[in-house]
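This document starts with one chain, in the form predicted alone, laid out as structure tokens.
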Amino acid sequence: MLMPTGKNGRHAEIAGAGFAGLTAATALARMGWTVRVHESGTELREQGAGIVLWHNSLKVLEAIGALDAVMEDSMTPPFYETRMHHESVSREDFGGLFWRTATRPHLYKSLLGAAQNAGVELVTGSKVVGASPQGLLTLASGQTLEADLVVGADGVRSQVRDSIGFEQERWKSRDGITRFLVPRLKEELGEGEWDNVIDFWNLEPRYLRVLYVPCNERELYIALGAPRADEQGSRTPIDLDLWTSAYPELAPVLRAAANAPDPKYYGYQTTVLEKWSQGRVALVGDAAHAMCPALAQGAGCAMQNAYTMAVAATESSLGDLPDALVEWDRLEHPITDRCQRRSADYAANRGMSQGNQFTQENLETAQYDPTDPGRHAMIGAQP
């Protein structure tokens, strides 16, 4: 197929229309590329519940023209509160750091609008089955598409990554969560600081956790955490008697979760790659660095790396693009590696239950500004 060319004479093919794929696509299109995004599903929509957006992802949203839309239906809770066995052990406000909570469908709608405004071509029902470092993308139909840049943003089971043979290490943690979007039900909950993010922990007599995240005035994201090995705790639909006995103060929203359609239990997974690029192919998001959600940075790292990749590819000459991707990897990989490692450690030791865990070290990615050209000197990034 004849390769289209953008204002700068360059074209990108992207596998995956999730947060990472849409971020990369919009950034590239705004920088003069023609961009085509392939989504294997038959419609463009986000399947998920809620999300915490930190400074790093908000700066990217601003840079690609999606921040105003996100701000319209999101909020900044007063505190991130941690409760152990129903007693508050910390209330963190992050010292004025810019952060928001939102529903994942609202974030997705905002990113999709920005991509469409930038002129990104979005193709549904288009399954990618492989790629080559030379800049070729292969579809399940047998069609092969040529591009100056191929982006694998096709998730933990990335066909782009696996067809090329990127070396990877993957493992699963002992715990997982079931996610829900439910009504806020503030009146039913009664008195309390229900505008806070509240991380409820019970470690005795068994591990059961509830992450309570208000997303706006109407919608609440709750995540129910239990070990994979706990058949009752990880069951879907949820065992309402179990969860209300552990957290009677949350009974109204737990009842709403029990009636939610099609619930799924998700295990925590980490994927670590030695490198994120080969030739004219770059990997972003879960295809490159799936991580446990302990520090709420999976989407943030995906968006920051998608954006910085787009900048690096655009600023290079076409002939030097493979080398530019290698240099992008060298500069950005270490900060994400550190976040992955910390998140995996917290998932393993359940250390977030102690409260006051958002230290400067753990907020490294949250405070990062991917749009600042001087960011690497500021954080002392090393090769």
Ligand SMILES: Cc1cc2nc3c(=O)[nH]c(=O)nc-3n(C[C@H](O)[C@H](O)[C@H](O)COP(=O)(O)OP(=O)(O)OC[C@H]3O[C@@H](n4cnc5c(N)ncnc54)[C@H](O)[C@@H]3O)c2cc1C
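Given the structure is predicted, the values throughout are model-derived calculations rather than measurements. The first residue of the sequence shown is number 1, and the count goes up from there.
As for the form predicted in complex with the named molecule, it is not shown, yet the points below apply to it.
Trainee: Report the residue, out of Ser126, Ser234, Thr103, Asn196, that has at least one non-hydrogen atom within 4.5 angstroms of the named molecule in the predicted complex.
Mentor: None of the others qualify; the residue that does is Ser126.
Trainee: Only one of His38, Arg342, His333, His55 gets a heavy atom within 4.5 Å of the named molecule in the predicted complex. Which one?
Mentor: None of the other options qualify; the answer is His38.
Trainee: Within 4.5 angstroms, counting heavy atoms, which one of the listed stretches 344 to 352, 60 to 68, 44 to 52, 320 to 328 is next to the named molecule in the predicted complex?
Mentor: Going through the listed ranges, the match is 44 to 52.
Trainee: Does at least one non-hydrogen atom of Tyr265 fall within 4.5 angstroms of the named molecule in the predicted complex?
Mentor: Outside the cut-off, so no.
Trainee: Arg184 versus the named molecule, in the predicted complex: is there a non-hydrogen atom within 4.5 Å?
Mentor: Taking the distances in the predicted complex, the answer for Arg184 is no, it never comes within 4.5 Å of the named molecule.
Trainee: Is there a non-hydrogen atom of Ala12 within 4.5 angstroms of a non-hydrogen atom of the named molecule in the predicted complex?
Mentor: Judged by the heavy-atom cut-off of 4.5 Å, Ala12 is well away from the named molecule in the predicted complex.
Trainee: Against the named molecule in the predicted complex, would Ala25 count as a contact residue? Criterion: heavy atoms within 4.5 Å.
Mentor: Ala25 lies outside the contact set for the named molecule.
Trainee: For a quick test of understanding: in the predicted complex, does each of Pro77, Ile222 and Gly225 have a heavy atom within 4.5 Å of the named molecule?
Mentor: So, no: the whole triplet misses the named molecule.
Trainee: Residue by residue through 156 to 194, tell me which have a non-hydrogen atom within 4.5 angstroms of the named molecule in the predicted complex.
Mentor: Result: Gln159, Ile177, Arg179.
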